[in-house]
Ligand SMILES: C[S@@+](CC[C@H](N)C(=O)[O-])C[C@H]1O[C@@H](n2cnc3c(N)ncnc32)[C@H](O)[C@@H]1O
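Encoded as structure tokens, the following chain is the form predicted on its own, with no partner shown.
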């Protein structure tokens, strides 16, 4: 969730959106909820890799710039998608963006910065690829879109797989 930047700038289809912020880091919860205080968000401190202590169902779940920060391989991180799917309404959608490595195009500066972030534990995306992300999404959702913008994968997913 980070700072709530995207929620602050989002255009919602309703005048009073019902927003739940979920993050393990209390500083991120503070920053995001302060930034969007006008929406009176519900705050939940939890680990996204464990079952979520929130009800739902939610019509949308944003996962912007989260996956590349989670520990482990994409298969390990994908448990987050299971928790998201369980909290999503039948006609709901997840969306997000993540920074990939693998065969994603990266400048020398981007490669160096990602290496520093991975060594510090800020990122854990050395093995994250577009194919791995697509496989994790299509195993859980019927409609999946992954668009690459440089080394960033922008994705949406909805529907139960058949």
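Positions refer to the first chain, counted from 1. It should be emphasised that the depicted structure is a prediction, and the values quoted were computed from it without experimental measurement.
One more form of this protein, predicted in complex with the named molecule, exists but is not displayed; see below.
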Of the candidate stretches 40-48, 131-139, 106-114, 53-61, the one with residues having heavy atoms within 4.5 Å of the named molecule in the model of the complex is 40-48
Quick check on residue 10: any heavy atom within 4.5 Å of the named molecule in the model of the complex? no
Exercise: residue 66 in contact with the named molecule in the model of the complex, heavy atom 4.5 Å: yes
Original post:
Closest heavy atom of residue 25 to the named molecule in the model of the complex, within 4.5 Å or not?
Top reply: yes
Does residue 2 make contact with the named molecule in the model of the complex, using a 4.5 Å heavy atom cut-off? yes
